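Just one chain follows, in the form predicted alone, and it is written as structure tokens.
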């Protein structure tokens, strides 16, 4: 007997899981197909931050700040046992972009905007440490150190457990969750979606009848699914899990030039230290292939950011990689705009969310557009 589903969702990262939840709250019964295992892609290999948008106030991008705050509140309310606050510390230096005065302005803007929006405090407000209060355990450059910015974001200790909880709430369990199976074809009749054909690891084929297919595979999107434009796959992103303990239960932001340039974050993870994120252009890539030269380049960056630190030379326990979309296909700039496309046959939709944090918002907004008479839940 052919399996039937109200909607088939392809991809079981955060976007696919929350889209399944949005569909379920719209009264639909979704089936989710994942070509690998849950949390095996960019979501599972991410740094795990659910941030509140403080970073966006540096450029006064108020829309993205507000959106991140809403999304962070959703995770905190919906899955309080599967996320936790994590203290984040960024050293500040005299005469640099990241200075105490710049952070004071940022913190004041956060407080003012939160009050104007009527937001109740969710996590501890940002504070400024003096140079003497910056933990001595952190192996950071001390020359011209003027203090440190401190704020709290949410972190996901176990991404797979969070995704499974979301799927359970969406009732995507048992036969409704198909792992290690790849969608090879979307069946179309008279320009309307009629089903999908999947292939199992044993090379056997199976068909699922449905009138709605939603592709949530991010930059892994295959170009041959019902036509249309594939997502860009031009940025390789990866984190390193170092086989060395991190000194404190907090995250540390460092950069190769103290107080300026790209920040790398370090935090405790599985008894080691998680460092991320490193980006490299990968135009045309279909898999996140990290070369030894990529790891070497990242390690050099860590050595420059933490001169003389034992962390810089610690063995690499695991490389955690994924593919992310970029703005222009060159792989030099990450995309920041979510994309939802319904081009192609009726019933076919592609979603490309650019942020783990705001994936639930995008899913519920998409559900409201796809099924306006059904949509009940909001993020």
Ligand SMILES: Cc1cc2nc3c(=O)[nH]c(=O)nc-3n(C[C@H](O)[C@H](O)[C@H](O)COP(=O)(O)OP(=O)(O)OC[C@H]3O[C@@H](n4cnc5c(N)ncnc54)[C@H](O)[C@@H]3O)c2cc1C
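Note that the coordinates shown come from a computational prediction; the quantities given were computed from them, not determined experimentally. Residue numbers count along the first chain shown, from 1.
What comes next is about the form predicted together with this ligand, which does not appear here.
Judged against this ligand in the model of the complex with a 4.5 angstroms heavy atom cut-off, the residues 30, 212 and 366 are out of contact without exception. Stretch 49-57 is the answer when you ask which of 22-30, 342-350, 49-57, 308-316 has residues with heavy atoms within 4.5 Å of this ligand in the model of the complex. Contact annotation for residue 216: at least one heavy atom lies within 4.5 Å of this ligand in the model of the complex. Although the partner is absent here, residue 181 sits close enough that one of its heavy atoms falls within 4.5 Å of this ligand in the model of the complex. Heavy atoms of residue 370 never reach within 4.5 Å of this ligand in the model of the complex, leaving it off the interface. Using a 4.5 angstroms threshold between heavy atoms, residue 69 stays clear of this ligand in the model of the complex. For the options 246, 264, 238, 103, the one in contact with this ligand in the model of the complex, meaning a heavy atom within 4.5 Å, is 238.
Taking a 4.5 Å heavy atom cutoff to this ligand in the model of the complex, none of the residues in 289-313 make contact.
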